[in-house]
Ligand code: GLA
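Here you get one chain, nothing else, as structure tokens; it is the form predicted on its own.
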Amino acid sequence: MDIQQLKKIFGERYGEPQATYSSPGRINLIGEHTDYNGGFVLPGAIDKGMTLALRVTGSDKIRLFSADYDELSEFGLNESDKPSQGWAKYVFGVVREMSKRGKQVSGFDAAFYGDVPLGAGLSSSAALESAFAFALNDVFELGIDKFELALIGQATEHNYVGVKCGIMDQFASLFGKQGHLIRLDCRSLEYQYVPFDPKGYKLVLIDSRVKHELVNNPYNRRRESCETAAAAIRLRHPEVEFLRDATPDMLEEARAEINAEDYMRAQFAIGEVRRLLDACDALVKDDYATVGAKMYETHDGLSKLYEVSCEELDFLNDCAKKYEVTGSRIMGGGFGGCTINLVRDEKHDAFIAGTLADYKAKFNIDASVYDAVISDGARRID
């Protein structure tokens, strides 16, 4: 689908749209499990996202049409009007979070579609929240800055979807800038743009098409391990608030006070903060070989120290090495999903063809491939 088809769908249901908007999904080049350790992430908006057409009606009803699901949802503006459809709760949540901040949104009609692959870890939900937050702020002239729009998207996830996410996804969707990644400090929420113009390279995502069901919430266990290690280090070094503040030497001093599992988790977290900063320095110098090496180091740590990989993702990482990919790693929380790969142009076709064939032969699964181009954040189209 494209914007003209969306306008046609909108026109058939509601008449002429008032405006159209788009907001992207995101990748994270490096920096996994660093957010709750007070560290950094390095996301970028991509050329795939959510696009909507909208018209203010002035009524007390919101009428939404999802072209992807071919479903209609209609609901009111009050807390008791929460819609039943999961996808509609993202829009309802944005409206409610704006209302909580004293910003008045009246009824409107909207239709939308997305080209962010669902379930691939590219944050289609944040793209949807950010698209509507940006659009409603614009058409109702609410005067909300982009940082607050990101917080509105995050609060929507927390309060209306039930996902206790960080702010990275919404931040990248709203602040994305073509040719740049965003170094976001997860403690202070300060950010800076880092150049990303990999001439002669492509960013490629390989979707493993698996997501392993897990018990006993491994995410929470790893977070607790990091907090335990940070507390042990803090006994000798009171200035260490998060593992972001610790050094490998500090961890070694505390090794006798923590168990082997907590030690491994902390080893990864401390190293990942350093890897991200090294990758940023390399990007400024157009040193993509070093960036790639740091990506491989991250995958190795996620697999062996943090233990959030799986056989399929490790196999895809091995394929990247086999086909001479510059850098490759798990992207996201782990246990399935995508690898993100930095590939030289001349290696691209052989890497894709070889990896898809090898993966199919090994697991009898057809992996999916997405090229990702770093693009601008949320914007009005017309």
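We number the residues from 1 along the sequence you see. Predicted model only: the values in this text are computed from it and were never measured.
This next part talks about the form predicted together with the named molecule, which is not shown.
Hey, in the predicted bound form, does Cys165 get a heavy atom within 4.5 angstroms of the named molecule? Cys165 belongs to the contact set for the named molecule.
Answer yes if any heavy atom of Tyr219 is within 4.5 Å of a heavy atom of the named molecule in the predicted bound form; otherwise answer no. Close contact exists here: in the predicted bound form, Tyr219 approaches the named molecule to within 4.5 Å, heavy atoms only.
Tell me, yes or no, whether Gly333 is in contact with the named molecule in the predicted bound form, where a contact means a heavy atom of each within 4.5 Å. Close contact exists here: in the predicted bound form, Gly333 approaches the named molecule to within 4.5 Å, heavy atoms only.
I'd like to check something about Tyr69: if you look in the predicted bound form, is any of its heavy atoms closer than or equal to 4.5 Å to a heavy atom of the named molecule? Contact with the named molecule, no.
Please determine, with the chain shown alone, which of 338-346, 52-60, 28-36, 351-359 has non-hydrogen atoms within 4.5 Å of the named molecule in the predicted bound form. Of the stretches listed, the one contacting the partner is 28-36.
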